[in-house]
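First, one chain by itself in structure tokens, the form predicted alone.
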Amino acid sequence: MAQPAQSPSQATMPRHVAIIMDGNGRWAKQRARPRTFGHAEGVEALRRTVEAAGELGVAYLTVFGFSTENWRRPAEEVNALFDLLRLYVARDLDKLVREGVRVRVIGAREGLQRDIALIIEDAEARTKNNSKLNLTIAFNYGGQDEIVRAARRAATDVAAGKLQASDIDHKIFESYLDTEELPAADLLIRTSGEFRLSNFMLWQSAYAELVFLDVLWPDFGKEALTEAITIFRARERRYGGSAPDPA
């Protein structure tokens, strides 16, 4: 994973936008509908957001689709979330291929239903040469789980003599993360008015600007994404450095 793409003095477009898509259940509850209805509308919001990201010039978009903690939810809701991934890929993959969107899915593959694993493999294979927009879906993903899996892989290579423990630095460790090919997150957005990272991209968001919007995910689209980017561009990024002297 590359280091932050912007220097502290720049206030340009974020190269990598990450989004915690939150609020489907509350959106459905406000309308006296089941949570699964909210998730279905959340897929429509994802479609709008992917299109808007391309129009606004975002190079990398990563969205939190299904967390390792979501397995604790009722089986009916978990199955509905899996069905939505199937539906999204079935409806949109051809369009994503045509429009130059590269699809990656990060997270643990173990335990996924066989057809889901095949859907993921097909989407990644068919879009691997695209470069207009890099869409990453975090599915069966947790930031802590990702770091533990990376540490295990690195330890395995050390034990096999492929890697010296003393050689492990930030760059080498990042090569074991799911996001090896992605730049660090510049902007992390959470919808629904909550103020938590919820175990999402903990390593990759070390210097990301955090924007929390009081909009439920099914209502998200180009206007909300533009608002978040405007907030981002008004901020000064220092990456741990000191603020400039006042004029």
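No experiment lies behind these values; they were computed from the predicted model shown. One rule holds for the numbers: they count along the sequence shown, beginning at 1.
The following text describes the form predicted together with a small molecule, which does not appear among the structures shown.
Participant: Taking 4.5 angstroms as the cut-off for heavy atoms, does residue 149 touch the small molecule in the model of the complex?
Facilitator: Answer no; every heavy atom of residue 149 is more than 4.5 Å from the small molecule in the model of the complex.
Participant: Though only this chain appears here, would residue 81 touch the small molecule in the model of the complex if you measure heavy atom gaps against 4.5 Å?
Facilitator: Answer yes; at least one heavy atom of residue 81 falls within 4.5 Å of the small molecule in the model of the complex.
Participant: Please tell me whether any heavy atom belonging to residue 46 falls inside 4.5 Å of a heavy atom of the small molecule, as the geometry stands in the model of the complex.
Facilitator: Residue-level check for residue 46: yes, a contact with the small molecule.
Participant: Closest heavy atom of residue 70 to the small molecule in the model of the complex, within 4.5 Å or not?
Facilitator: Yes.
Participant: To verify the annotation, which of these, 92, 77, 99, 157, has a non-hydrogen atom within 4.5 Å of the small molecule in the model of the complex?
Facilitator: The residue from 92, 77, 99, 157 that makes the contact is 77.
Participant: Just give me the single entry in 85, 133, 177, 106 that has a non-hydrogen atom within 4.5 angstroms of the small molecule in the model of the complex.
Facilitator: Of the candidates 85, 133, 177, 106, 85 is the one lying within 4.5 Å of the small molecule in the model of the complex.
Participant: Spell it out for me: taking the small molecule in the model of the complex, does every residue among 14, 204 and 232 have a heavy atom no farther than 4.5 Å from it?
Facilitator: Negative, none of the three is within 4.5 Å.
Participant: If contact means a heavy atom within 4.5 Å, which one of 205-213, 48-56, 22-30, 178-186 is the stretch that engages the small molecule in the model of the complex?
Facilitator: Flagged stretch: 22-30.
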